[in-house]
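Okay, so here's just one chain, in structure tokens, the form predicted alone.
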Amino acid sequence: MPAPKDVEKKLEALREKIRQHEHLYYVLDTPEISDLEFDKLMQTLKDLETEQPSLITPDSPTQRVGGKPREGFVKFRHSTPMLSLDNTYNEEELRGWERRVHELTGRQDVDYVCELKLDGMSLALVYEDGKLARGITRGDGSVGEDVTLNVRTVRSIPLSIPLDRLKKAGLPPNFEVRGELLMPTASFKKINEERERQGLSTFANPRNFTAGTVRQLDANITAERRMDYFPYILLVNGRTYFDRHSKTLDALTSAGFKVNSNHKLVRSMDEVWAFIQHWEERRDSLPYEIDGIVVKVDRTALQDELGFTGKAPRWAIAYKYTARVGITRLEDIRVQVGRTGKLTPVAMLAPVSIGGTTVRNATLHNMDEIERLGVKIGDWVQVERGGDVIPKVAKVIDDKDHPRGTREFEMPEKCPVCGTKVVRTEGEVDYRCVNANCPAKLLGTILHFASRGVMNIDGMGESLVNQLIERGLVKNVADIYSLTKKDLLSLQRFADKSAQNILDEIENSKTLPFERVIYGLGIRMVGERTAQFLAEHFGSMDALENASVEELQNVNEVGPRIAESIVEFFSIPANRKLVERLRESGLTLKGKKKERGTKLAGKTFVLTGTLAKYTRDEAKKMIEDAGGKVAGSVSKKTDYVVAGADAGSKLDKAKELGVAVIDEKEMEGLL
């Protein structure tokens, strides 16, 4: 029998009451009832829903946790890439960024929004008709993992928002929110204290713990670890919605999100610097960890004008606070062999806590750095840890309380892994193992190839790769594509489902674009950005394999050393054979060659102001695709200045130099 309407109304009224109290407690931190009273309300709701299961809704407060543990996570492509931020480390670099903003926009009157740089993990929330539809991790920036069931357990994330509330906040029913998921310091300490009482190992730091918690296959475990969420970006159809970032934060607050209150709209870089200093002095008083301040251009039109680099927006910058330091004893130095064969000395330290993280080793970079520091085994050293940067030995402590060590370190003459003689090329600081079959290089090569930003084979971590190498199942990256379920089931901790998950990940990697394969080959000095330029220029692996040093130098950002490194790589028969095996395995070895037109060849453009139909990056791409060049400032060599609305000083400079000024329509005509 259908439920009476009065029961349905009673249920919804009770849900709304509970949502309001959740908002007061978890978002505003101003509870109006006791925990006992709240628990009673929740129990009443559970009882009513048990009696009327047909009336349970997905956004009911009782549905934050439930169901059996999952077997894995589904990949999900972001509406627009989730990019990282460029970093600055001092006032001079910060003001240098401001000068670039002024030059690119032609404006001196730029407002900024300062926000705390929260030390958690990025998370995107998608709302449809005001209801939480998906929670997606950052992943590699383009593709993340759907962790919706876990996200629903975070009490400061609304499961649904009434449409009238969204309307009042100026938001449409469908939108995306991006922000930071983090573990409050108190929650983290409480969990570690409990683990200590149980005789279990403790977790290293809140950030890594957060990343692990949100990927728990059992949402009940996630719910027990009280996390928090602070949004800072709003997108509608993949684009920003308000004309100012400060309005975005206000709208998110009005809609019921827990926007971090420690943000400020400022009018000058002096005010930005004052904000940075204010919070550097008070960072330890916060209930969560921060590692700096994020500064954003407030006006959306200027953000569009500034655009993006390959990895980061030009309209935002992160100021990173000085690294936290600790003093400890350097007990030994071991040599680590990387995937390129580079030998890196690593300091083995007596454990020391730095900013909430236990540090046991730190990089010494190379022999030149060891000699510069004058470090010996047994020394007391100052160790720095800043954000995601690997801990490093900063200096040797030499005083009466910290006696010096006595044992000098010498770089081994032979590779510590395979025994091959180590070489050091003239003019370079690094020592290298040149044995292509060195097991240490093989481990690093495969881990690089399978990593998230390359071929994205989730689950192929160090433990699995070590087993594959030890069993002789993988001798190079191409062998990954010959693995069978039988091979995987022969390894430790592998059952049918987990083996199939790995095989599915391997199969999915075959569909990734051509530039990922180039990057995955591990060609020395060829990073992610260079791989993309190579893919766009040559369009196929065949063309790249046979390119000369001269041809390679025609590629954007490829100089003589990179070109020689690429030619050297493909001159080795084993490497060509490897590429051929990848081709036979079905990987993508062709891309869309980016053909440049000739209509605007030799012409230099400068863009200023806001265009009606195009963003700054879109206009730049159109000009470059037609053979033209886009410069950041006006000079006598400039052929055209394209002036949009609110054009700034670049327009004045063009008039002063007699450079042709055209509007958007005239630009289209030239194209």
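Bear in mind that the values here come from a model prediction, so they are computed numbers and not experimental data. In case it trips you up, residue 1 is the first one in the sequence shown, and so on.
If you look for the form predicted together with a small molecule, you will not find it shown, but the lines that follow are about it.
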query: Close approach of residue 125 to the small molecule in the predicted complex, 4.5 Å, heavy atom; finding: no
query: Distance check, residue 115 to the small molecule in the predicted complex, heavy atom within 4.5 Å; finding: yes
query: Contact test in the predicted complex: residue 233 vs the small molecule, heavy atoms, 4.5 Å; finding: yes
query: 4.5 Å heavy atom contact, residue 522 to the small molecule in the predicted complex; finding: no
query: Interface segment, criterion being heavy atoms within 4.5 Å of the small molecule in the predicted complex, picked from 290-298, 327-335, 564-572, 395-403; finding: 290-298
query: Selected contact from 440, 83, 473, 506, since only one has a non-hydrogen atom within 4.5 angstroms of the small molecule in the predicted complex; finding: 83
query: Of 315, 514, 229, 319, the one that lies within 4.5 Å of the small molecule in the predicted complex (heavy atoms); finding: 315
